[in-house]
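Given as structure tokens, the chain that follows is alone and in the form predicted alone.
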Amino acid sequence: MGIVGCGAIGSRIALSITKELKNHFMLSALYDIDSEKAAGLSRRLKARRGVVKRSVDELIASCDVVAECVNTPAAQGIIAKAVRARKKVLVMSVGRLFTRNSLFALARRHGSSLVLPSGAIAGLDAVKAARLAGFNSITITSRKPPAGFQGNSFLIKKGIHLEDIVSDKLLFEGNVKDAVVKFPQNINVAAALALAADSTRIKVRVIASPSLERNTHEIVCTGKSGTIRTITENVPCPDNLKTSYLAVLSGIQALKQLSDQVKIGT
């Protein structure tokens, strides 16, 4: 297995491969645009010599499963390369994939597999089942402390100063396509929900809440099968406070399910 992106998420997944997933996967390749990150992770894991690769192409050629953990615009190209090489791909940057859903057709054409974890939300198994009957409405409201939006270019252009927010402030309300573009580092959850529901008719609300210590996502779906309502309050990943710990664990669980003969949930 190869991992592209050796930040908080990639490092946690790599560690899991060497521990609880060691009977299912072998870590064969690491790559990061910052070569020292990959080299440092290799040393921490006491990986065998040659695990750190010089390019994405070299990594893809050396493994059967690729974990994309970069969450930058480069994610789309990395996924496309792995798909064309007929690899299984764990996609952590779901929001990036949402804007290039032609990659789904590419995967089917090349006989590749794309694995998209639920991320920092719950209930996607129920959403996938309910979509068979149809939805009337779907809403997701994401609340985060203002610091969680630091560096967001959309907010900077709007002249919103995060340090001045003293009570709940609605930063965005609109459709999922706009949300993914304007909040690429924050709204993977809305993209995952839209893909699970097979619908872009999703209302997205993004709120900065100074009173919160945890990122919170509330989903309400109504349809012919009934109402689904979930609330997820996420603690931050110890290695990166901008990443929800559950999102990392979701990627690890997706890999475990990929390799397991017994699959629970849809």
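From 1 onward, residues are counted along the sequence shown. This is a predicted model, so every value here is computed, not measured.
We do not show the form predicted in complex with a small molecule, though everything after this point is about it.
- Residue-level contacts in the model of the complex: of A82, A179, M92, L193, one residue has a heavy atom within 4.5 Å of the small molecule, and it is M92.
- Between the small molecule and the residues M26, I231, V235, I33, the one pair within 4.5 Å by heavy atoms in the model of the complex involves I33.
- Contact annotation for K37: at least one heavy atom lies within 4.5 Å of the small molecule in the model of the complex.
- At least one heavy atom of N240 is located within 4.5 Å of the small molecule in the model of the complex.
- Contact between S113 and the small molecule in the model of the complex is not found at the 4.5 Å heavy atom cutoff.
- When contacts are judged by a 4.5 Å heavy atom cut-off, I78 counts as touching the small molecule in the model of the complex.
- This chain is displayed without the small molecule, yet in the model of the complex the stretch 118 to 126 from 82 to 90, 165 to 173, 148 to 156, 118 to 126 comes within 4.5 Å of it by heavy atoms.
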